[in-house]
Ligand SMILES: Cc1cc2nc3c(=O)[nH]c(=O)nc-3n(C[C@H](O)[C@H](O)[C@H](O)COP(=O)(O)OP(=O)(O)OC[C@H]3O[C@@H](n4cnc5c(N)ncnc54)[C@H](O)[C@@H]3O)c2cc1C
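Next up: a single chain in structure tokens, the form predicted alone.
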């Protein structure tokens, strides 16, 4: 075990997580008299809202996930270390993280926890074997391989029944991610892949968007949700509302609705129906007397985004539970900025923790893109859709991308994909599908390994039919 300490006698701030919350917390402490240690289990700052474009071949991972070290290299008061945090000692004020079986202990005076959220399968974690989420780069690359692999399998399918299964794509969850992904799969089939196969017509692909609620984009209201639904249906996407997914396997999904249970045979599935806060939420609640978490595992914080009894420990982003603050980038950015300002004000002697003004969230609106040239936008009471909303969506996402190169390359890739038919990121490998499953089997049991073999034998959208599954070990 090693100790991670600072050689300077300055206020020590530890930030956990390199997403929007973690990155903006560090940037807003740039000129403060503090030493910052940013701990993250990944080496990149992920722009999660554009993951679906990686999954559908529009953007590369480099555009949306620059290396955190490079982003912060000019900020001399920040040290970036990789590690998976597994212990937070609030009494001794230390963080313990692990990298390659080696523990690193990092002391802190102030702590900002911004570890975000992960995909939630509502207690059915085994669904993840066949329906990856959309929260990480690995998820996006795996899904790209599954989508493109399904078309490859369909090209070689010996029967129409098998071809239909490979040509059916099910997206679970009609929130922004599900809507955007369903629209892009439809455009991929209708534009980019047309004429590239000889035994199938990609335009025959069946894209199904399944939602347990009674509306598409329900938080955005009936007007915008209705417009999004109409546009998707015009593109050929089948929308099934009030439909609950009760099972997912290699061959398809089981749906329960008012008519009972039914099956959708589909090789390629993706889950975008819910989120669960990181495991650090319950840990903080357990070690802070009186602090609780909500049903999604998010920490119910005080008015200043701290936990009970610990005014030096801030929780921001998707890990915090604050009424009226959605789990979006803006919530993380504003929460991190607020926390950084409180730390700076107290170090300058301008206030004490008891004098902090409550955190106030400013709602800048919500957006979702449906297809090229079409999006929906909600800013306060103003609701609009179409081409202008799409331009606003492009501009906002470009603004929050980190670095000139990322912005420039993203504009180039968008120009090529949206004005033409070509998509520059169409590489997909069998490993991308099987890597996650094989790793889980390696750390699990024989049942996990059998799932890996089943996934391969059934050719679940990876172009690996009739090939042996990779060995887990």
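Numbering follows the first chain given and starts at 1. For clarity, every value in this text was computed on a predicted model and none was experimentally measured.
Just so it is clear, the following notes concern the form predicted together with the ligand, a form of the same protein that is not shown.
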Report task. Using heavy atoms only and a 4.5 Å cut-off, decide whether all three of 18, 177 and 280 touch the ligand in the model of the complex. Result -> yes
Query raised in the report: Taking the shortest heavy atom distance, is residue 397 within 4.5 Å of the ligand in the model of the complex?
Result: yes
Query raised in the report: With a 4.5 Å heavy atom cut-off, would you call residue 274 a contact of the ligand in the model of the complex?
Result: no
Query raised in the report: Does residue 286 reach the ligand in the model of the complex if we count a contact as any heavy atom within 4.5 Å?
Result: no
Requested in this report: Using the partner position in the model of the complex, report whether residue 39 sits within 4.5 Å of the ligand, counting heavy atoms only.
Outcome: yes
Query raised in the report: From the list 107, 386, 327, 226, which entry has a heavy atom within 4.5 Å of the ligand in the model of the complex?
Result: 327
Requested in this report: Answer with one of 259, 125, 294, 84: the residue that has a non-hydrogen atom within 4.5 Å of the ligand in the model of the complex.
Outcome: 84
Requested in this report: Please name which of the stretches 246 to 254, 70 to 78, 261 to 269, 315 to 323 has residues with heavy atoms lying within 4.5 Å of the ligand in the model of the complex.
Outcome: 315 to 323
Requested in this report: Sequence order please: the residues of 117 to 155 with a heavy atom within 4.5 Å of the ligand in the model of the complex.
Outcome: 117, 134, 135
